[in-house]
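Quick setup: one chain, the form predicted on its own, written in structure tokens, and binding and motion questions come after.
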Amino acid sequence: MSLTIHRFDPTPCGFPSPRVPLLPALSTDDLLAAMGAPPFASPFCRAGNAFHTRGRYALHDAFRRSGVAPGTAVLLPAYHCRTMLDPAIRLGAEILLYPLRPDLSPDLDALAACLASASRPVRALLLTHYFGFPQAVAAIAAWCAARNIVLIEDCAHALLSGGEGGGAEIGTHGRYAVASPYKFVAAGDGGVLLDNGDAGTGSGGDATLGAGLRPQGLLREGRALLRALLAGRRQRRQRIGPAALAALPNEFAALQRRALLPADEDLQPVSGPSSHYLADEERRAGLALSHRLLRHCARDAVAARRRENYRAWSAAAAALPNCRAVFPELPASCVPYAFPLYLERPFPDFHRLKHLGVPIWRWDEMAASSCPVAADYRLRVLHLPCHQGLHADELAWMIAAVALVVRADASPAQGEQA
């Protein structure tokens, strides 16, 4: 089955740069902690893991080791980032998009129907722990084992989360697991691949996963460190404070009088990996600095701050109209990657938030599928930052901006377009 992608090009909209960092920035305190803190106990810090530059390249190796190749198929979730598809496209496999429920868990009946539609042997299934919320992995692992399908856990959002229901740790149920450290620690890059062995018991499989990866080298390491420190310093100097919060109502009033230009959108066939996927990076190792920051992560402190920020978002959303939290409750095992906010009015609310400078991820470039949840969430679910690097003023400003936008009249000003 050929893939088509919903393309969303925001260039005509003229969105400004975000005024709050989407990810935590590096500081000298982070470096000192990495030198003196004890190692972080996690499956993703095992000695035999491979440390790639990005999770997409770790996923490519997981697919390849699972037998994904031309003439085979792979099961991927219908709600996804484009870079989750790129490794399978690069390997020439057929992609089957399986449906999800509103809580983003797989629907086993629909999954079985998706498998039955395959015209090629299915080698692997990717299970994503969205936003850090652990999936009920045991049922999916049993489903895959009964059908001789390799289970790969996507832990890009769940590096620091615990096991679902107090069970085995995230990343240890499938044969392989991948994670993206830079989304949780102030690292410049990083994509971890771990192999749990045939039994998926967490005891470890191939201990030479990263043996063929090319190191970055001292020059690249030094440049990356300097860029990260300068970027962190710049972010701290430009941090918004109480004055920005006081000015927000006037800024929004002016924005409401402006015409909003629409993005360029269409549906395009997929002919190869996206521009975000660089084949030359498949066998390059991540930065040694990033690896060290992961291994010496202050997990408990990071988790506490992220959970506190998430709860602040959730409490605010509960009192607002025209939006809701996708996951209002925060399980004890979850260390969230971001706060997913569902918008009832994606236009004009998304555009207004972007024009105010609110930092937002959104998976608007998504492969078309028959899944109604993915179709609905594509433009309506915002990924808002709740990371440990946020200052209290920044969080207050973002919450106030969202409140102004969702409470406002949605009717466009003269000249606005949908």
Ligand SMILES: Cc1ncc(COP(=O)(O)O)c(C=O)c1O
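The numbering used is simple: start at 1 and walk along the sequence shown. This structure is a prediction, so every number in the text was calculated from the model and none was measured.
Unshown form predicted together with the named molecule; subsequent notes refer to it.
Using a 4.5 angstroms threshold between heavy atoms, D195 stays clear of the named molecule in the predicted bound form. Proximity of A156 to the named molecule in the predicted bound form: non-hydrogen atoms within 4.5 Å are present. Not displayed here, the named molecule is approached by G190 to within 4.5 Å at the level of heavy atoms in the predicted bound form. Taking the partner from the other structure, the named molecule in the predicted bound form has a heavy atom within 4.5 Å of a heavy atom of S180. Shown without its partner, this chain lists T172, Q135, T83, S333 as candidates; in the predicted bound form, only T83 has a non-hydrogen atom within 4.5 angstroms of the named molecule. Comment: 49-57 is the region of 62-70, 365-373, 49-57, 385-393 lying near the named molecule in the predicted bound form, near meaning a non-hydrogen atom within 4.5 Å.
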